[in-house]
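First, one chain by itself in C-alpha cells, the form predicted alone.
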Amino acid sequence: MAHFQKKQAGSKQEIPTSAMPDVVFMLLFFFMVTTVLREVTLKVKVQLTQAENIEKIEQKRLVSYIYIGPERLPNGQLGEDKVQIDDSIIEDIGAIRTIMYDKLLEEQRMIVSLRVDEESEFGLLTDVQEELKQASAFRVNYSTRREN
C-alpha cells in the first residue's frame, strides 16, 4: 500500500518589508512639513471675553497678534497690565506704532488681532487702538471665546 504525503510548499510566504523605511521616512517628512509649532511665548495672562457672534479668520498667516493683560511674574503672581507683541513686552506704547507700521510694510493685507484679558483696563486698550490708527493699521479684530 502506497503512502501519500501531502506536498508542502518549500518556502514560507512573508510580508515584504523592504519598502518600510521609505514609508516611515515619507510620513516623517510629511509631518515635519505640515506641523506649525507655537511661535510666541505668552508673558501676559489673557482670559478672553465671550461673544455670541464670532467669525473665524481663514488665513492665519496674515494675522499679527497683540496681547494685552496682566504680566506674569516669575513667582506665579500677576503684575500690571502690559502689551505684548511677538515675544517681547512693549514698555513704551509709542513703539507699537513703529512695530506695526513695519509689519504693515511687509504684508499690506495684515490683520491685527487684539487678544485682551477680560479684566484689563480699557484705557490701555484705547491707547493701543490709537497707536494702530497712527500706524495706518485699520484692519483690526478682537479675539473672543464662543459663548455657550
Partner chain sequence: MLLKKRQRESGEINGSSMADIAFLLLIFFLVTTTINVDTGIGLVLPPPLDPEVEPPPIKERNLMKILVNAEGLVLMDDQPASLTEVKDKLVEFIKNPTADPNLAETPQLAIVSIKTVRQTPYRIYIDMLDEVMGAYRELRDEASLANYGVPYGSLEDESEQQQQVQDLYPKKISIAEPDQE
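Numbering follows the first chain given and starts at 1. The structure presented is a predicted model; accordingly, all values stated were derived computationally and were not measured.
Another form, the form predicted together with the partner chain, is not on view; read the next lines as being about it.
ask   = the partner chain isn't shown here, but in the predicted complex which of 108, 98, 88, 49 has a heavy atom within 4.5 Å of it?
value = For this set of options, the contacting one is 49.
task = Tell me, yes or no, whether residue 80 is in contact with the partner chain in the predicted complex, where a contact means a heavy atom of each within 4.5 Å.
result = Outside the cut-off, so no.
ask   = Any of the heavy atoms of residue 42 lying within 4.5 Å of the partner chain in the predicted complex?
value = No.
query = Using 4.5 Å between non-hydrogen atoms, is residue 123 touching the partner chain in the predicted complex?
reply = Residue-level check for residue 123: yes, a contact with the partner chain.
task = Answer with yes or no whether residue 62 is in contact with the partner chain in the predicted complex, where contact means some heavy atom within 4.5 Å.
result = Result no; residue 62 lies far from the partner chain in the predicted complex.
task = Heavy atoms within 4.5 Å of the partner chain in the predicted complex is the criterion; list the residues of 96-131 that meet it.
result = The stretch touches the partner through 113, 114, 115, 116, 117, 118, 119, 120, 121, 122, 123, 124, 125, 126, 127, 129, 130.
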